[in-house]
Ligand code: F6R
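A lone chain, given as structure tokens: the form predicted on its own.
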């Protein structure tokens, strides 16, 4: 989730404004920064890895000529967080410069094509293909305008993007475009601005123009023009007045980062489905060769590993062992060997217990693989192969979108491994892949249609002294994660366990009014779970069920129910079924008067053991 800002000013230098505006996008998370301006027919670029203030001390970001420029804060997805991979990126001539937020899915294919046409690439990013493509289009069609060349280029890109482009060929303008990644304009009497988010320009102007998917914008200091990429037709759209405070704008109008990030999950799931094929292929090859696989993680990431262990077993017939990172050394430290493979999962890539477990396994010659949300983190540096989840920075302490992103990537790995091993029919694989592609839309539907119902349930049960969370099979992991969220931010003692274990002690706690949350997808465990619900209900429990839409068997037993769209295969169910549990935790915390973004005694990245 990179940050973009650009401005075309009627007078004055652009660089200081770009610098200050990028500072206001720091909340998006980033590992490098860069600015490009244009003056007297020449482009000037300053960039480096590191925080804005650190880079500014080295290169003085304000000291750049020109009243037109673009800037960027980068969250690495392709290529490590190094200066050479920092934006802006240029073509071979240095006459076309681009900043980009998003993921170009077909960049390897385009890069190979351009290299065969003698284009020279200097970075490992997907973004760099864009200026080279524009350069090539103009080389082959010298009479085209820059705008036409950009449109021709955009039609070849697959994936998501918000772009800002400047060129010495037409030095009075910035060309922007959007497909899925956010882009908004700001206008005032001093000029026109483009940005990833409104906070970037809110101190300068509260007049904003929202840009939609499939649109291109031409900015000059005097005006803006919007066109549809498909047919270049003009679009008329008037500015709106933003009434948000600066703090609200950072959260895009949401009261807290946590609810903002819950709502972002359809987008982050789409990004995980744009994973580069060769990364998935390489990691699945290592997993296929493994004699034993340990899935090592802490907290929410451990619950993702627990769910993934079912995926690998059911789809690829690969036994995997989820282990708490804090227990790994004591439990398995002496037994791992060159025949062991570790798949470590960490949002930050810096979790102390996970790093310690991986280091121990590495010293015993185990193969280290990892899944993390931060490219260039400690975990990526000690891994044989790593994959970035591409969830973008997560500001809320309680993990939400990183959990579903981790699950999506591991589901893709399990499916790829199933293909390699031939354990599942092609028809079943095709069906599962099609359902995986639908999950972003399903996630969007759940949040839009069930949020109000969850609010009412939260209000009703906010004063409960303890909660149970139960599931069977893979839904056990979903129950564990729902329990963790409620404890983290609402501070209600909660217990989660496989529903089949309830008769072995926990059921003794149940009395009249005791809230029990059941996770109930229509999978192989469904009939057995009905019996567990009846056991709890017979003892006076209040049943809150997350069910498939139209599931009358459980709906008739439940006191409260939250519905998830039909047809989700059980092996993929934790991804959509966890969303109502995230919402439940959030709204119970609000009802109790707690700030869900700042849970007591917790930190986003646990760097102590």
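Numbering follows the first chain given and starts at 1. These numbers were taken from a predicted model, which means no experiment stands behind them.
Note that the form predicted in complex with this ligand isn't included here; everything after this is about it.
The contact with this ligand in the predicted bound form, taken as any heavy atom within 4.5 Å, belongs to 298 out of 137, 298, 487, 417. Proximity to this ligand in the predicted bound form, taken as a non-hydrogen atom within 4.5 angstroms, holds for one residue of 101, 476, 347, 408, which is 347. Residue contact check for residue 397: one or more of its heavy atoms lie within 4.5 Å of this ligand in the predicted bound form. Of the stretches 479 to 487, 312 to 320, 229 to 237, 193 to 201, only 479 to 487 has residues with a heavy atom within 4.5 Å of this ligand in the predicted bound form.
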